[in-house]
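As a starting point, one isolated chain is supplied in structure tokens, in the form predicted alone.
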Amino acid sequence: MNATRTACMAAVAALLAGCGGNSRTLHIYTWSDYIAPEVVAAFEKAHGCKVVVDTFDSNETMYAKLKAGGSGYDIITPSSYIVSTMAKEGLVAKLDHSKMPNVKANFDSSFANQIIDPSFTYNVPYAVTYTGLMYAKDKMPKGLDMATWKVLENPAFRGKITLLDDIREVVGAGLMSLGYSLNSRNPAEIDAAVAEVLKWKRNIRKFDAESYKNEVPSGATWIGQGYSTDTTQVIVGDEEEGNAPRSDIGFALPKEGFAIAFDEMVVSASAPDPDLAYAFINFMYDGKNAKDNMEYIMGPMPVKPGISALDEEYRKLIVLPPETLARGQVLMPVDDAMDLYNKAWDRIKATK
């Protein structure tokens, strides 16, 4: 009897150990609503692990946290333009491509002109977003051209506009509105962009990278500078979450130019489980997993079999046609000129 009881207790202990503290955990630091829960669950099941996701609302917030010693992450998804800075600071690891064969096999080369580093030395492209204006159609005057940054200075929208709390996105919008490059390093052009943004600031409620997703649909904000992925999620809706489609919400990509930003998967230099991080990147470049993820985030991933598997109408919704894409500008590193942007941002924030 005692031997049987001992054997049973040993079996229970082994079972508990297998699903408890001895299991592996993947820590991801990313944007909100940016990985499909079903894909996370499928990865956990496939690899017998747990995935913990923390979120940030801007590249600057993410970078500041890591520079201040924030650690414990395996995978991070910064935008392309800041990856080189993170690499120079020793925050991300050089990638071992032999551990993620799906990337080479399934990368969609049609996205190559939106990629900053095609060698993927430190980063693997995750998904691309386009920055424009999310707006409430019923609040817009009839016939108003929404496809322009100039709409932000219209006094009819005073107190009803939000801008992203993001240096490069906001200053970049000011630059493009004046016909300059999104990635200008010219001090005079950046000063001119600041003056333009300050015209807009008279009308804005706040700088915020998250609230517009809820506030434009609720009517608290009428126009929100925001990302294509977030806006498409609102417009399409989610029946499982009880969110109905919103045909009263629009999204405009300004004719003067809009930002194209690939978010990348990087492996932290201090990753607790780098092998599990590689497994995750490889998993995301599987066609089915990429398809399921794109249907959730509502933005394109450069995974060819995943894009091919999408419903044709949905593919048209998230993949921009060439004539629209031609107006976009890829956010690039500005290196030493970043100090000019930081000072410009300080002036924008400090001006009443």
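Worth saying up front: this structure is predicted, and the values here are computed from it rather than measured. Just count from 1 along the sequence shown to find any residue number.
FYI, the form predicted together with a small molecule isn't displayed, but the following is about it.
Engineer: Given that the partner is absent here, state which listed stretch (199-207, 111-119, 271-279, 77-85) has heavy atoms within 4.5 Å of the small molecule in the predicted bound form.
Structural biologist: Result for this chain: 77-85.
Engineer: Counting non-hydrogen atoms within 4.5 angstroms of the small molecule in the predicted bound form, say which of 29, 63, 34, 43 makes the cut.
Structural biologist: By the 4.5 Å criterion, the partner-contacting residue is 34.
Engineer: Identify, from the list 261, 173, 266, 223, the residue with a heavy atom within 4.5 Å of the small molecule in the predicted bound form.
Structural biologist: Contact check passes for 261.
Engineer: With a cut-off of 4.5 Å between heavy atoms, is residue 334 one of the residues that contacts the small molecule in the predicted bound form?
Structural biologist: Result no; residue 334 lies far from the small molecule in the predicted bound form.
Engineer: Residue-level contact is defined here as any heavy atom of the residue lying within 4.5 Å of the small molecule in the predicted bound form; does residue 215 satisfy this criterion?
Structural biologist: Contact with the small molecule, no.
Engineer: Is residue 166 a contact residue for the small molecule in the predicted bound form, using a 4.5 Å heavy atom cut-off?
Structural biologist: Taking the distances in the predicted bound form, the answer for residue 166 is yes, it comes within 4.5 Å of the small molecule.
Engineer: Is there a heavy atom of residue 135 lying 4.5 Å or less from a heavy atom of the small molecule in the predicted bound form?
Structural biologist: Answer no; every heavy atom of residue 135 is more than 4.5 Å from the small molecule in the predicted bound form.
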